[in-house]
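Next up is one chain by itself, shown in structure tokens, the form predicted on its own.
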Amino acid sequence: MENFLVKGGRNEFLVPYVSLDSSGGVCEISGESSLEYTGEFYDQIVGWLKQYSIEETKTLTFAFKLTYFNTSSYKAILGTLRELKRQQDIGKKVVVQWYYPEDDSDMLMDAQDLMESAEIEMDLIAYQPED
């Protein structure tokens, strides 16, 4: 199974960094997410996750470290979390970590809302952002 990597960046839109590593089962989405084609972007991630659940038996650790996301990204992230929950429900070992800047209570509340909506447990981890 191939890895999936998007380096992310800022131009007219905010593209998050995405690393989906099949060999180690470690995945990350970080940065900012405000895309023109949000659904298509996150559909690639969900598709990769579905394939991973078929081909791999290793624990999947998925870390979200977003500093900003818009409404369409929120919906797509929720869809990603629901896929992770589906995998848990069929017996796959999935660990979800949500990192948020320690001074960003809005991001913490968003993470809690997503966790409740997707009905998935997440480790909520405060961190000190680099300047």
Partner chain sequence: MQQANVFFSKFRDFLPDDVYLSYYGEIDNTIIASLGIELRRRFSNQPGAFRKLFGVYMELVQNIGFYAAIPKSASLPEPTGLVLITDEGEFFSISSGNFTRTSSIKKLQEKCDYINSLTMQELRKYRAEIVDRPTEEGSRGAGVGLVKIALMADAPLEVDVPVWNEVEDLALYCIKVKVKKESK
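Positions refer to the first chain, counted from 1. A quick note: this is a predicted structure, and the numbers were derived from the prediction, not measured.
Unshown form predicted together with the partner chain; subsequent notes refer to it.
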| item | value |
| --- | --- |
| The partner chain contact at D89 in the predicted complex, heavy atom, 4.5 Å | no |
| Partner proximity in the predicted complex: L14 to the partner chain, non-hydrogen atom cutoff 4.5 Å | yes |
| Non-hydrogen atom contact E121 with the partner chain in the predicted complex at 4.5 angstroms | no |
| The partner chain contact at S117 in the predicted complex, heavy atom, 4.5 Å | yes |
| Check all three, S34, N70 and D110, heavy atom within 4.5 Å of the partner chain in the predicted complex | yes |
| Residues in 89-112 close to the partner chain in the predicted complex, defined by a heavy atom within 4.5 Å, in order | P101, D103, D104, S105, D106, M109, D110, Q112 |
